[in-house]
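So this first bit is one chain, no partners, the form predicted on its own, shown in structure tokens.
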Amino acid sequence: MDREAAQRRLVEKARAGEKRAFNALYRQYAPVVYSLARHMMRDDEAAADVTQETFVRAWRALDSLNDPQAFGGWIRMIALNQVRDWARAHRPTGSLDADSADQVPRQWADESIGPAEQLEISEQQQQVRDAIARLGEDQQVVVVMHHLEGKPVADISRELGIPLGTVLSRLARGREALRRKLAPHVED
């Protein structure tokens, strides 16, 4: 049995209420969902929480998945929505006090560059993540899959169950939208 048929069978079994099948889907896709959330959030603990919530939501909404072969794209869409919900709920209030300082994600400093450069890079990364988060869902999924997860467009086409030309079109429109959104932040 090929991989696509095996996945379709797992999804169909999970839709029928078989928890073992859903657990197999979880084992297969949890690393993908976690990686996506981690790329977008830069917070290990929050990414783990979003991953868990994504699969809870997926379990509850499994009957709404029309095409079992599109599970990979569908679960990513749920994850992206969870990342957005988390970001809205955890927006900074504008000041850091002793209690909120513990919530700031810690990253090891790159000692080859100074603090000002580190801050600039961090701000640029946040601007890119924010711009990606503001893309339409169709564009966001293909941009994240291709540029953050490193997936070839043919794999994206197969996982989302959409034609290759549609993936290329969404990717081009997503890149153009990102270029426009980030243009004010780019020096000429």
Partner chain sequence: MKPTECAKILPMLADYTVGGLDVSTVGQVREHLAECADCHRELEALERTAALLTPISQVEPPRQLWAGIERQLEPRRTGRPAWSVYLRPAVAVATVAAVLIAFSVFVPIGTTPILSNSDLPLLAGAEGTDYAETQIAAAWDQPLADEVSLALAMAALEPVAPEEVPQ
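Residue numbers count along the first chain shown, from 1. Since this is a predicted model, take the numbers as computed values, not measurements.
Below: the form predicted in complex with its partner chain, not depicted.
Looking at its partner chain in the model of the complex, residues His39, Phe55 and Ile132 each place a heavy atom within 4.5 Å of it. Within this chain, Ala70 is remote from the site of its partner chain in the model of the complex, having no heavy atom within 4.5 Å. Taking non-hydrogen atoms only, Leu171 approaches its partner chain to within 4.5 angstroms in the model of the complex. In the model of the complex, its partner chain sits beyond 4.5 Å of every heavy atom of Arg9. Contact check for Ile162: every heavy atom lies farther than 4.5 Å from its partner chain in the model of the complex. Residues Ile132, Val143, His147 of 129-147 are found to place at least one heavy atom within 4.5 Å of its partner chain in the model of the complex.
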